[in-house]
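One chain follows as structure tokens, the form predicted on its own.
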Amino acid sequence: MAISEEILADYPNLPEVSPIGVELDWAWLAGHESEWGVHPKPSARGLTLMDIAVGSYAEVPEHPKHRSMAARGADIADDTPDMGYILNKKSDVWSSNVSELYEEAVARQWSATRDIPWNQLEELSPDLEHAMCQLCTTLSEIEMIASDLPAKWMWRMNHEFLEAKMFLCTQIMDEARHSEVFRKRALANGGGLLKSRGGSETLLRTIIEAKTYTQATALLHLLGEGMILDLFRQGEAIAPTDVEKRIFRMCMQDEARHVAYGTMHIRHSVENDPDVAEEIHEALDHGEAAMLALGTAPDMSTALAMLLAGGADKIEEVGFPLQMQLGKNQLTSYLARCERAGVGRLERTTLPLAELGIEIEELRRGVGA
């Protein structure tokens, strides 16, 4: 390939053929003229994704013109292969907070090996140890699906939306660590892994088999992870020792990011394509039924009641009332997330509100509707 006159003027001694006879291409020396010399400025935190969103590099196309793996903003050659991505609209995957969430995620990574004070784990009474191990067994199972789901869809996302894909990479790592930490806790105090039943499996299968990524996001982030986030928020009441409190706090900060992404993604999707709201509602109709089966599963519910009561002696007097209150809080938070996401479900939810002792007007006050 002949060297252009422009490049030859600046670099007159460039060879056209390599020492082994390969024709050389020096076109990249011309640079990207429209952006050459534009310098992003690091913030106090360092050079963030927000800092490098300058010039045309800050523009995320609504409908990318190509489906290659090329970095957004690169000069793409005609022979760059099509990767066959199926999520090719910005509204398919985007969230207004995704760059900030990615930066927070990489800054707050923690280790289930080093950052939990395992050597401070206390011996518990058999009832509390069994309850903690049962809860950890269920949570270890649930958390892994939140790794599987992003992994299922990421490779189908157009590479132009790299910030969303990068954030989902952090979620996969977060959730793997959560599954790890709950497995370790189940084993660390001599109790071990206990029961797994169909209730949790039904919900997880509903999430992984969702027809679209947006439906999957609604099921995972608005419903599943949102409920788990509220569970972690009650960690101070549930945890029998400081070790478990630390575990819940660390997991809670991660889950809050995931739920924030999912909520804002659904909102962005609905705002840009109102027709998608109905398919989200259909997914949540099925998901709520599966979530109810999980929440009322005998193993999960009794283990939580035991932990909230602090032991078997006060399970009826203290444990079940506190568990009921936790369920009310989870439901109110879930419906509030749906409102923020633009898919209000106060009139459509299939959850048995009356059986949970909640009136619709009480919910309206709780979600600010």
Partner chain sequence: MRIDSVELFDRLASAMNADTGRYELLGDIDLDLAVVMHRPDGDAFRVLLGFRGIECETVVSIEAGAEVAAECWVEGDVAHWQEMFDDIARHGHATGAWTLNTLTIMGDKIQLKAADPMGWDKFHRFNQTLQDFVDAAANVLDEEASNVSA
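Given the structure is predicted, the values throughout are model-derived calculations rather than measurements. Residue numbers count along the first chain shown, from 1.
Omitted here: the form predicted in complex with its partner chain. The next part is about that form.
Asks: Within 4.5 Å of its partner chain in the model of the complex - does that hold for a heavy atom of every one of 60, 268 and 276?
Replies: So, no: the whole triplet misses its partner chain.
Asks: Tell me, yes or no, whether residue 233 is in contact with its partner chain in the model of the complex, where a contact means a heavy atom of each within 4.5 Å.
Replies: Close contact exists here: in the model of the complex, residue 233 approaches its partner chain to within 4.5 Å, heavy atoms only.
Asks: At 4.5 Å between heavy atoms, is residue 242 in contact with its partner chain in the model of the complex?
Replies: It does: once its partner chain is placed as it appears in the model of the complex, residue 242 has a heavy atom within 4.5 Å of it.
Asks: Is residue 197 close enough to touch its partner chain in the model of the complex, meaning at least one heavy atom pair within 4.5 Å?
Replies: Close contact is absent here: in the model of the complex, residue 197 is far from its partner chain, nothing within 4.5 Å, heavy atoms only.
Asks: Quick one: does residue 132 come within 4.5 Å of its partner chain in the model of the complex, counting heavy atoms only?
Replies: Close contact is absent here: in the model of the complex, residue 132 is far from its partner chain, nothing within 4.5 Å, heavy atoms only.
Asks: Of the residues 109, 212, 80, 125, which one places a heavy atom within 4.5 Å of its partner chain in the model of the complex?
Replies: The residue in contact is 109.
Asks: Using a 4.5 Å heavy atom cut-off, which residue among 151, 76, 193, 256 comes into contact with its partner chain in the model of the complex?
Replies: Going through each option in turn, the one that passes is 256.
Asks: Looking at 203 to 211, 279 to 287, 100 to 108, 142 to 150, which one sits within 4.5 Å of its partner chain in the model of the complex if you count heavy atoms only?
Replies: Among the candidates, contact is made by 100 to 108.
Asks: What residues, if any, in 301 to 335 have a non-hydrogen atom within 4.5 angstroms of its partner chain in the model of the complex?
Replies: Contacting residues: 322, 326, 329, 333.
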